[in-house]
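Only one chain is shown below, in structure tokens, and it's the form predicted alone.
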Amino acid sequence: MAKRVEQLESVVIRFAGDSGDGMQLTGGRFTSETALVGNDLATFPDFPAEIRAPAGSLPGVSGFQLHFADHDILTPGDRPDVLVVMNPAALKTNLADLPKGGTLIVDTDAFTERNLKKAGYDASPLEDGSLAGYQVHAVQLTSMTVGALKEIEGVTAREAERAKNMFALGLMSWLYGRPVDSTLEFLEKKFAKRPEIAAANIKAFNTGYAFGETSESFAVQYEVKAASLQPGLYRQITGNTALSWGLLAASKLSKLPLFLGAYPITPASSILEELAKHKAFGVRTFQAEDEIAAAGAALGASFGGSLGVTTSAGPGVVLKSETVGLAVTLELPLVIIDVQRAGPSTGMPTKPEQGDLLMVLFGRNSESPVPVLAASSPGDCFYAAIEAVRVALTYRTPVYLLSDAYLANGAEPWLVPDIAALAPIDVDFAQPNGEVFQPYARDPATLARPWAIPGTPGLEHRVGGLEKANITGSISYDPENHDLMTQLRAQKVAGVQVPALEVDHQEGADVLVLSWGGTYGPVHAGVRQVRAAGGKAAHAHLRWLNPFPSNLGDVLRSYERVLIPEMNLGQLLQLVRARYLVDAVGYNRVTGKPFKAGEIADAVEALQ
């Protein structure tokens, strides 16, 4: 008899287990299946910082949360509706997030005395009644997987056990009516060099799917219909992939070869890995020996007429600061991408934070202003990269583009743009005209100096870190010239044309929530919750952090109260209060986790 199918509007699922249990692969495949259904979705992979923490330990727990719905959503969800845990440590670290009445699926085989002790349990929570408030499904995931794979030759007992994540994926794919063909094809390709491993994972997946169909423990199957999205071609995309593709697009729009100088660092490394795949587009990737060399090589590429980009996270951006200051003096385009993570120092390398704003604004010696912008969602990283390149090339300046670990690893459906509809980026290199070349003459509209390809006859000039004379570019120690050049560099950055700040205003609202960067999703979702509960609130989100939009002051002064939520201790808040003398208040948390929509809603309601 077919089981009853219940319609749901949205579901939040979290997979959690040991870092060797394949939770990221499991969550990623479930996400791909969900994208094919046409649901709107948002994900939050939560990695342990250790490369390989001790098995079964609390620091070694890896999680993957997915929110999917039949309508527009903005976050991976505040709390899971369904929690799938592969061992006691995963239960210990995640149970507090599961609301009472939520569904809990547990691999009972992992709840051994040894694993319980590692997780800090005195008794098994499966037996002491502590889980009575949840819908618990105790499943022998490991033993059923191993039993199903006994007949596959060439697969060791350990390899069979490792396939338990595919059992879990098959079970969840049945429970929520996900298509399975794409996963089966994926497994065949992933393990093509070892057909027996491919066969084992496929059988584990099918066994989990069949278990859901036949088990009396699961009496209901759930369906979440496709979301009503703007027509077009969509793909699932992460923030770092979108950033990489945005740089590729900017390279084509500007007709400049792309050069990436980078040193591997979490969570920015996958940008280097992605761009290294695209040599066919004329991309050159250079994995440098350190962060300083990476930035220097990228600046050298810009000096040579290429699109120079360097990527890193907070600790690496610190090391690049001297080279960025050199780029300020040289007045050459350079894009610096900072995928922020929790600090200071090494901090929590895999966790998101917004702690680098003041550093990228002021973390260089002397007066060295640079434009700074921040992406707001995984898909927006594509457009933010193009915008950063456009400003760097137009104004001949280094530009910081801020992302964070939440955006970098999170995924969402992305409407693939029509590249032909993207505005070209015009780049005019200096051309010899028979007169003495003046390397610091300026465009009257942008104050950008000429960009001359080295080695071009008639365009000989000197560059370096020493102060240059206005117009001629000769080394100058003249006090008045230094004052003039400092003023000109500041005026150039202040004059960058950025769009006016748009406000999602609600009639009668006297509270404005001002956000920036990767907090857009949870902040706007929180504002939606306030409105749904009968409250009134407006929301504005900053893409440009230097220069600020010209209407920001007017917007701020239009509301009685201003709330600025940040995953830091109040960095934008400090800038806004100093610049505009507005008595804004902050909501600041640095937990290494993204904001929840509910906590933003509570903070807004506390001001009303």
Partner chain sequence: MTLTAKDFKSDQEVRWCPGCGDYAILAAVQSFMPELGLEREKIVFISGIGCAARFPYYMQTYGMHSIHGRAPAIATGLATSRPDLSVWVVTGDGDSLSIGGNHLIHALRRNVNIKILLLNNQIYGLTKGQYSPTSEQGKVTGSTPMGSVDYPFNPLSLALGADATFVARALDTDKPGLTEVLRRAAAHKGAAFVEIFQNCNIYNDGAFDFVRDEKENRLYLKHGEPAGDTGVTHDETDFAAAFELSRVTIETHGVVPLGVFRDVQRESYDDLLAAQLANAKGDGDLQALVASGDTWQIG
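It should be emphasised that the depicted structure is a prediction, and the values quoted were computed from it without experimental measurement. Residue numbers count along the first chain shown, from 1.
Omitted here: the form predicted in complex with its partner chain. The next part is about that form.
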Would Asn206 count as touching its partner chain in the predicted bound form under a 4.5 Å heavy atom rule? no
Contact test in the predicted bound form: Arg114 vs its partner chain, heavy atoms, 4.5 Å: no
Answer yes if any heavy atom of Ala132 is within 4.5 Å of a heavy atom of its partner chain in the predicted bound form; otherwise answer no. no
My question is simply whether Ser217 lines the interface with its partner chain in the predicted bound form - judged by any non-hydrogen atom within 4.5 Å. no
Can you pick the one in Tyr440, Phe191, Phe211, Phe303 that has a heavy atom within 4.5 Å of its partner chain in the predicted bound form? Phe303
Of Thr456, Gln529, Ser269, Thr486, the only residue with a heavy atom within 4.5 Å of its partner chain in the predicted bound form is Thr456
On the criterion of a non-hydrogen atom at 4.5 angstroms or closer, are Arg4, Leu58 and Arg162 all touching its partner chain in the predicted bound form? no
Select, from the options 46-54, 549-557, 25-33, 61-69, the stretch whose residues sit within 4.5 angstroms of its partner chain in the predicted bound form by heavy atom distance. 25-33
Which residues from 439-475 come close to its partner chain in the predicted bound form, meaning a heavy atom within 4.5 Å? Ala452, Ile453, Pro454, Gly455, Thr456, Pro457, Leu459, Glu460, His461, Arg462, Val463, Gly464, Gly465, Leu466, Ser474, Ile475
